[in-house]
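The chain below stands alone, shown as structure tokens; this is the form predicted on its own.
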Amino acid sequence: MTLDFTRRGFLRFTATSAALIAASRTATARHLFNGGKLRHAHVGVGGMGRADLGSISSHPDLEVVALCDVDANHLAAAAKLHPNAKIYADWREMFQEMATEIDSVCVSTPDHMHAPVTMTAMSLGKHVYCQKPLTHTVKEARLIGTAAANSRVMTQMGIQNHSGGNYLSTIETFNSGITGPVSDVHVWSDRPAGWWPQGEERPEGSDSIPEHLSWDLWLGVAPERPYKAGRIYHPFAWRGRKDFGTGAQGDMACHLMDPAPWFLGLKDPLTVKSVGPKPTADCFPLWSRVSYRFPATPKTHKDGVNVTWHDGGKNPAELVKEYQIENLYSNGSLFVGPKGALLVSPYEPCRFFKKGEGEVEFERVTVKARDHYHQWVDACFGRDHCTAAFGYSAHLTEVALLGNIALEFPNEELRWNPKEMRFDGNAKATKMVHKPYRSGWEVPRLK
């Protein structure tokens, strides 16, 4: 049987291969119930995928049975560490051949391929760990969140800081009421800061495709374009290109903006507005500043809360001066309330500041970090729970990606209608909630 990943093809696949899907799910359940190891497949084994693979495979109850990457060099390096695993360049072939021999999947591809691989794995009843951001588009995030809610698979997004000691300790400090009701949250990152190119136009011309790279598979659902050598696309430099990545906000907001919806219990934003430069046709801008307005929760000001994202080295400079904040973290967030401002970082302990006093000492709460990867593996066996399951992380991703849409409309306040998944009064922005896929590819949907 050949898998056809057009929308019509996938619907036909789900209709004609119900036996395969049922057998796949049953095989996973029976295997784990009988005390077997979690049979794991890893899609994307270079860069962050290499780190993910090392962390997940260190769990004693997991066995790596399949490895997949479009780069033969990355695949060969991973295969040396897991010589018994079957290797693939095409993840579709992997699922076709090994659907009943795989229990779990980690997706560590470029952003634009997260949703197709993740949705396929979930439809086959596989537990899924996916790197952040969970998806490339807002609609994909909503689809995956809905699919996860209707599925019994264990899911986790790769925001390891969500299980880290700094965030777990900080939320206990915040819940003590240290700031009072929060009126403003500012979140900032030094990215891209040379980590990857942004603010560029699409490169002209083409270069020979290296023998070790399957360029067509690398493109996947993205529009076709010629390969260019150097620090343009592969590896890792793709992140600033709109067809493949989600820029500085998509990359880092899932880490740094995470405390805002988590600590405050935020739902969907009412409005989103960019006051920075517009992206080029091909790349996200060198810096951005995006403001969201959220409705009130029990932890916020009664009139709601403003959440502002800064990247490219920008930060809330006026507040830094007002609260006399020294040694500001290069990546972090600031929760502002009537009692003071709480400086939060996934990498450093939280700090508290008051107007006119500067930094103020307080009684710290220390919470031990959890292993983000191992908790997911344990959850697959039913003996733990995931702290960043798709029910939570799909919404976090959706919020971050709304900011990327706002970048295309500088200084215009966009009114978000979450129920209808549209921007009221702006059809052009609504069209960006999803994207057309290259012919032959489509996001699979759960029946």
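Computed from a predicted model, the values in this text were never measured in an experiment. Throughout, we count residues from 1 along the sequence that is shown.
Keep in mind that the form predicted in complex with a small molecule is not shown, yet the notes after this line are about it.
A.B. asks: Taking any heavy atom pair closer than or equal to 4.5 Å as contact, tell me whether H186 reaches the small molecule in the predicted bound form.
C.D. replies: No.
A.B. asks: Should R351 be counted as a contact of the small molecule in the predicted bound form, where contact means heavy atoms within 4.5 Å?
C.D. replies: No, R351 sits far enough from the small molecule in the predicted bound form that none of its heavy atoms falls within 4.5 Å.
A.B. asks: I'd like to know whether W218 contacts the small molecule in the predicted bound form, with contact meaning heavy atoms within 4.5 angstroms.
C.D. replies: Output for W218 is yes: heavy atoms within 4.5 Å of the small molecule.
A.B. asks: Using heavy atoms and a 4.5 Å limit, would one call D243 a contact residue for the small molecule in the predicted bound form?
C.D. replies: D243: no contact with the small molecule in the predicted bound form.
A.B. asks: Heavy atoms within 4.5 Å of the small molecule in the predicted bound form: which stretch among 377 to 385, 397 to 405, 66 to 74, 410 to 418?
C.D. replies: Of the stretches listed, the one contacting the partner is 66 to 74.
A.B. asks: Using a 4.5 Å cut on heavy atoms, which of D111, E140, D103, D258 is close to the small molecule in the predicted bound form?
C.D. replies: It is D111.
A.B. asks: Give me the residue from Q131, T179, S123, N306 that has a heavy atom within 4.5 Å of the small molecule in the predicted bound form.
C.D. replies: So the residue touching the small molecule in the predicted bound form, by this definition, is Q131.
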